[in-house]
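To begin, one chain is listed below as structure tokens, in the form predicted on its own.
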């Protein structure tokens, strides 16, 4: 019996790249495999990663459920199962697997998941600014001066040791600030999910939606900036 006949018995649907089977031209209703000729079908590249993994656009995801879905789809599309199939089927399985792996990596990390959702909902999330957050501006300028001074100093000298101690303290402060931002994000994630669960579509919910997206974008930008500074500190002090 063909390994893939088992998938026809369970209605597992994804958006396919086309409405007709590439092999036998019969109608494809959303099954991974054509019901008539049992050939694997290409998943649409327009499919967002939440839909691909069977989740609504929420920011709190059950990671165990996500993993289960990932392994279920991996078994369906894994290239190892298509080694003795046609070149077309091998190409499709590789493409589907690549999309699935990207979707899984994106959704299992809460920060990447939030950035991806922002990209879907508001666009241009990757435009993370490179200037420091306003409330950190003076502090960052001073920190950069200390870093430059430390790089130019003999690290075994008394001055070098003092500067290193100062930089370690700064690192600790910035890491605390990053954790605080992540706590704020977690609350915004909860607020976003609650708004989606209400399922209302009126001017008030649109205003609330835009406010949450704007706040998330702001904190994600600030966090990205602070994370880069911390990484720079760690690399310099090491």
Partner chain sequence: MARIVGIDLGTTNSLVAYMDKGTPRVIAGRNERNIVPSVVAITDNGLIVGDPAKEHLTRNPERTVYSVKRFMGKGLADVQGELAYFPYSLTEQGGVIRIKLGEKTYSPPQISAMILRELKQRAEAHLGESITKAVITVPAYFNDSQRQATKDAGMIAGLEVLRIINEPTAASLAYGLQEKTQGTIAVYDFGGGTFDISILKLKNGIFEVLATNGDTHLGGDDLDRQVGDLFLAEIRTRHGIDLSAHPDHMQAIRLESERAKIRLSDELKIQVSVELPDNKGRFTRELTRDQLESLIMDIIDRTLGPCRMALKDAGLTPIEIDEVLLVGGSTRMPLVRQRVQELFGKTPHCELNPDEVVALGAAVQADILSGGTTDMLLLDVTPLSLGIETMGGVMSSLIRRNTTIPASAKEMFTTYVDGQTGVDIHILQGERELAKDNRSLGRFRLKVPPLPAGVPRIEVTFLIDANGILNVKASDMRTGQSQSIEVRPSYGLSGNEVERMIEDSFKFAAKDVNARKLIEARLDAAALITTTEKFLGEGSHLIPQEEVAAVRAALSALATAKDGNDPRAIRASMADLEQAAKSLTVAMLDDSLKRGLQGKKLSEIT
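Nothing here was measured: the structure is a model prediction, and the numbers come from that model. Residue numbers count along the first chain shown, from 1.
Below, we refer to the form predicted together with its partner chain, which is not included among the displayed structures.
Between its partner chain and the residues 106, 94, 122, 140, the one pair within 4.5 Å by heavy atoms in the predicted complex involves 94. Contact annotation: of the candidates 35, 182, 193, 67, the single residue with a non-hydrogen atom within 4.5 angstroms of its partner chain in the predicted complex is 67.
Considering its partner chain in the predicted complex, the lone stretch of 69 to 77, 146 to 154, 132 to 140, 164 to 172 in range is 69 to 77 [heavy atom distance within 4.5 Å]. A residue is said to contact a partner when one of its heavy atoms sits within 4.5 Å of a partner heavy atom; residue 83 meets this definition for its partner chain in the predicted complex.
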